[in-house]
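The chain below stands alone and is given in structure tokens; this is the form predicted on its own.
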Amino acid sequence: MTTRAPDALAPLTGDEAQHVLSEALAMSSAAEDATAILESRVQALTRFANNEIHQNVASRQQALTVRVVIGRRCGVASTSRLDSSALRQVADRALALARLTPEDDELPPPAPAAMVAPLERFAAATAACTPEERAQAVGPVMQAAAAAGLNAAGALSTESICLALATRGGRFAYHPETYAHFTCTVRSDDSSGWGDRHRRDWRELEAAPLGATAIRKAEQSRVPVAIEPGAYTVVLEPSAVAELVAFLAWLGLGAQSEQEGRSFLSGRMGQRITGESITLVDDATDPRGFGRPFDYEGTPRRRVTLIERGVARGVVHDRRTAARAGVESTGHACAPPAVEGPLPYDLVLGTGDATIEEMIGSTERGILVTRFWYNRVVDARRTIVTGMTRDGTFLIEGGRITRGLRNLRFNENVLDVLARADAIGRHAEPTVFDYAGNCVIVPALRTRDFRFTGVAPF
């Protein structure tokens, strides 16, 4: 194998990853079974504020995790170094932890050999994107904002990533991918607008048009007025819908929480839980998303129908929860130690046939919400969350936007919001949540009686 200089800013190739994993497994020969997982990530970012670029950075991060099994005991250890000394140390730590860990009667056996169909998730243009190209993309946004007397801030980032897994039994899986993100907030003294997009190919971010949208919203929302808290018809743009739907992944679409009785689905499988127009699946193969072909146990990911026409149909499984339920794993094991159990990472909400413009045009009085922020769980079993609007909240009167509103706090049941939806967008946008790495693909929604509980001072 030909190795590159350790400071080379590129993710590991399949051969390089396999070499590292094979060495880590060899260091773990005292275990009865072992799995090694490697993630290598190259990140580059151009950040701007006050209509000026102020930062260009690039970095490479890597994490190697070794999971060993001795009898009914399991040990997990990780390192960010890939030299032979570090591989020996991480293997020794995993073995020591396995010997100290209490026996686990539910410890699943190793995943059986399975064919993993590759997913094309790598865009060479993103991997090769330069600081100059990023600057050329964000430059027109800053210039347009300055010309309008506004202040633009944001970032354009690109990533090249590889995930590789190898087992003592000889299995090896490798998945390369790219990710690009543009986000921009445009502000005046009393208003703000926002644009955001996630793509595999950075050239599809279309930073200038997104920046123009943020500028328009900042201008439209000047001199915002307060509106009385209460129940309103709302038009939620995809980013706002994504914030709500993403909570469902953590509140009960994984089998562990459902089996432990903590999920909003516990005891409700086969029952209607939301509106008939709502179908929600987890699908790593959706071409709009960023799904991976296998999970952290090496099991191929399967498409799972979670809610079908409003009826609860399923949850996602790893090998442990699947054994409890007497079913097969759906390929949703999280990274070790996976204390949360399996989770859906590629949620897709079914689309409808409306545009945002049509939703606004058919609303006599309501509120347009660009996005939510500072969202928190109030009641997990009832899917109640709270949060605030941000960066573009508008009053709709007579089928048109009339003025900007001061931001509002909401308190809502996510499933009920979906049940009250009377229009669903025909176009869905992917949103990647960087704190968890999960992707949610959702359209815009119009829903009735959305409950706002307070008005912000801004």
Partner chain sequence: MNSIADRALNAAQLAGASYADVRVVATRSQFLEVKNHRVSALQESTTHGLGVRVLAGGAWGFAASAVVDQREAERCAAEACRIARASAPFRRAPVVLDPLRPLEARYETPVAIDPFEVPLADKIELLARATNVMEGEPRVVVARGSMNFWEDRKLFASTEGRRIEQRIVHSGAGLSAAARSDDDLQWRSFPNSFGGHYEAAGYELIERFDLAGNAAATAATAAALLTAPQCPAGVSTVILDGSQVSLQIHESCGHPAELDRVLGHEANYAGTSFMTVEQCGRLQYGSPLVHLVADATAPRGLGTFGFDDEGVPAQKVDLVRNGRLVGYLTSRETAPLLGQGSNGTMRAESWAHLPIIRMTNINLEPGSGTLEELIASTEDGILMVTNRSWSIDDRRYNFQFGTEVGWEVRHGRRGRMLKNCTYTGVTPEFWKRCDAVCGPSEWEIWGTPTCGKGQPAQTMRTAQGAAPARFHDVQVGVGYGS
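Here the structure is a predicted model, which is why all the values come from computation and not from measurement. Numbering follows the first chain given and starts at 1.
One more form of this protein exists, namely the form predicted together with the partner chain; it is left out here, but the text below deals with it.
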Residue contact check: residue 388 to the partner chain in the model of the complex, 4.5 Å heavy atom: yes
Heavy atom of residue 327 within 4.5 Å of the partner chain in the model of the complex: no
Contact flag, residue 118 vs the partner chain in the model of the complex, heavy atom cut 4.5 Å: no
Proximity of residue 30 to the partner chain in the model of the complex, heavy atoms at 4.5 Å: no
Listed residue that, although the partner chain is not shown, lies within 4.5 Å of it in the model of the complex (heavy atoms), from 110, 314, 336, 350: 336
Selected contact from 84, 130, 285, 271, since only one has a non-hydrogen atom within 4.5 angstroms of the partner chain in the model of the complex: 130
Candidate stretches 306-314, 178-186, 356-364, 290-298, one within 4.5 Å of the partner chain in the model of the complex by heavy atom: 178-186
Neighbours of the partner chain in the model of the complex among 253-270 [non-hydrogen atom within 4.5 angstroms]: 256, 260, 261, 262, 266
